[in-house]
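Coming up is one lone chain in structure tokens, specifically the form predicted alone.
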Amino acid sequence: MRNGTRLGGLTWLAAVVTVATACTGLSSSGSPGSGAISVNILTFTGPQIAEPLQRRAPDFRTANPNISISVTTVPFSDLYQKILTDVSTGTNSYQAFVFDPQWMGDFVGPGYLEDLSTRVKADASLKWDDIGAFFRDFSATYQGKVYTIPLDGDFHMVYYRTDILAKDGLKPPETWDDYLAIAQKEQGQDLNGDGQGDYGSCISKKRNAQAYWFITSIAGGFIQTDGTNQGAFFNTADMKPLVQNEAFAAALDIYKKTGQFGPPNEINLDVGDTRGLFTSGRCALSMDWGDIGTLAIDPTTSKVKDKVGAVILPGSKMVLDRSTGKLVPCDATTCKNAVNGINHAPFASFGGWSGAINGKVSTAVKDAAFKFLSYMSAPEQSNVDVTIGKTGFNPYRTSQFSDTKLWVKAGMSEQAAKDYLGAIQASLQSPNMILDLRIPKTQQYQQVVLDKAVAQFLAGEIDRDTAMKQIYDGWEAITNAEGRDKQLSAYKASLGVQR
């Protein structure tokens, strides 16, 4: 997630690599030879993210016969706790992790992750300076030290059918009002020529999946107006949640309304489902990570090749006055970064899957794990993997944005490549980019409290005001339990705000 959980229906066999699937207890052959160093990497079930690790492990083993790589997978909802339990109990069944870099706040302090700063500087093959500054500074670094190797770049964009919008004389959405208007117009139209009505919008709403990222992507344009270090989750003066106000209320309403122009069972759809609907030609619009751009060129599954455009997340002409909790017009005073009177706040949701090393294993094992993660991230491998939709890896290196040749070679038209990379660059270069939450207990703030309330609201189990109060109270309880001053300090540091 990008990709959030990045689910799919394919299964993969890595011929020589040991692949242990935790949820089934099964493993393949390929045990290490005598004297080999074993590295067991824990990640999520995928197959995205796990797939390239498994596929490339045999080639890595050929070049490094003394290192055996195995990959253990668990559902994304279990990944955080699985890592925490393993390292906190000293079990250390896993020597490395490919995980959500947001969680570093819980793993760095106790020494569960290895400081990779020295190794990174000494590794010329990694080409560290080619990794985008955002991903080096956010996905890889915590409190000034490098703890992860980026393998993926994640933030949300909006995708649209270029042929459908052109046919109807519509422009890509600049605001969420535009998005809803387009979705309403296209809802029920036959978008793929099969004689059946299709959908104006496809956005995942499944509980315990992506809801907590998608609601922030919608709310961001209303809430964050003054640059990245303003933050979109808490007030930087007192750590009070920014969720009981007219801006967050508007975002909840928009998110729910998109469901009126989507598949009838959208509340149960994960991103793998909505991606499949979009690439089969059944959706006019979607919001997702970078995956749709590459999945759209897969000749075996896509019916929308060269019919897909991408744009920065829609914004808003009304923004939050934090002193009153009210929405006010976006102008030169309230929206310093507005474009044509619209406040855009692209959201680095998740930030990108990254590899970390268990800080409690032997030096030899750490070196072996680092060598494999460096191999996976190096341009020779990653420049290919980011163009393949099934990997779940999205571009994160400067060289991957520099020209369209890499993407045209992969199967994109020149125009599609320009649209795709242009939306990514517009997001990365925005001075108002929202950084995803990265403080202690991030998983509880987002995946527990926020996800539950949003899911209950979408399902009609609670009303909008109850949802906002539930989030506010839940976040306050976590903050108070952890210590408000401690959490505020961590939040401000994560935004680059000087104490």
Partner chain sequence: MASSDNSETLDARGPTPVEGSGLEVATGERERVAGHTFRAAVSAKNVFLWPALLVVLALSIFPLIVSLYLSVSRLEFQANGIDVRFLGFDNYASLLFGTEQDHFIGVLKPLTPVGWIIVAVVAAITARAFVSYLRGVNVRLLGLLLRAIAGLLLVGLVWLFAQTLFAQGGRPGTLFVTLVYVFVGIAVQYLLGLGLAVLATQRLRGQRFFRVVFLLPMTITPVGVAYMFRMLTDTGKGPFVPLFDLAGLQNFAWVNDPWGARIAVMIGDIWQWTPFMFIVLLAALEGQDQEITEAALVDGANRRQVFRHITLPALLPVTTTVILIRMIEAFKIIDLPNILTNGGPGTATESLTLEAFFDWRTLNLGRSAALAYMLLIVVTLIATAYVNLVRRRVTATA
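Numbering follows the first chain given and starts at 1. This structure is a prediction, so every number in the text was calculated from the model and none was measured. Superpose the two forms; the largest set of C-alphas matching within 1.5 Å is the rigid core.
The same protein also has a form predicted together with the partner chain, omitted here; what follows describes it.
Undergrad: Just one of 329-337, 261-269, 131-139, 312-320 has residues with a heavy atom within 4.5 Å of the partner chain in the predicted complex, so point it out.
TA: In the other structure, the partner sits against 261-269.
Undergrad: Exactly one of Asp273, Glu114, Asp419, Glu186 has a non-hydrogen atom within 4.5 Å of the partner chain in the predicted complex; which residue is it?
TA: The option sitting close enough to the partner is Asp273.
Undergrad: Under a 4.5 angstroms heavy atom criterion, identify the one residue in Ile67, Leu437, Ile471, Ala455 near the partner chain in the predicted complex.
TA: Result of the distance check: Ala455.
Undergrad: Would you check whether the partner chain, in the predicted complex, lies within 4.5 angstroms of a non-hydrogen atom from each of Asp168, Thr387 and Glu414?
TA: Negative, none of the three is within 4.5 Å.
Undergrad: Is Lys256 close to the partner chain in the predicted complex, meaning a heavy atom pair under 4.5 Å apart or at it?
TA: Contact with the partner chain, no.
Undergrad: Against the partner chain in the predicted complex, would Ala209 count as a contact residue? Criterion: heavy atoms within 4.5 Å.
TA: It does: once the partner chain is placed as it appears in the predicted complex, Ala209 has a heavy atom within 4.5 Å of it.
Undergrad: Report whether the minimum heavy atom distance between Glu482 and the partner chain in the predicted complex is within 4.5 Å.
TA: Flag for Glu482 set to yes.
Undergrad: Taking 4.5 angstroms as the cut-off for heavy atoms, does Arg61 touch the partner chain in the predicted complex?
TA: No, no contact at 4.5 Å.
Undergrad: Only counting heavy atoms and a 4.5 Å limit, does any residue of 445-462 reach the partner chain in the predicted complex, and if so which ones?
TA: Sequence-ordered list: Gln447, Val448, Lys452, Ala455, Gln456, Ala459, Glu461, Ile462.
Undergrad: Does Asn229 shift between this form and the one not shown by 2 angstroms or more at the C-alpha, the core having been superposed?
TA: Comparing the forms between this form and the one not shown, which are aligned on their rigid core, Asn229 does not shift its C-alpha by 2 Å or more.
Undergrad: After superposition on the rigid core, does the Cα atom of Asp86 shift by at least 2 Å between this form and the one not shown?
TA: Yes, because once the rigid core is superposed, the C-alpha of Asp86 moves 2 Å or more between this form and the one not shown.
Undergrad: I want to check Ser77: does it shift between this form and the one not shown by 2 Å or more at the Cα, with the core superposed?
TA: Result for Ser77: yes, a 2 Å-plus shift.
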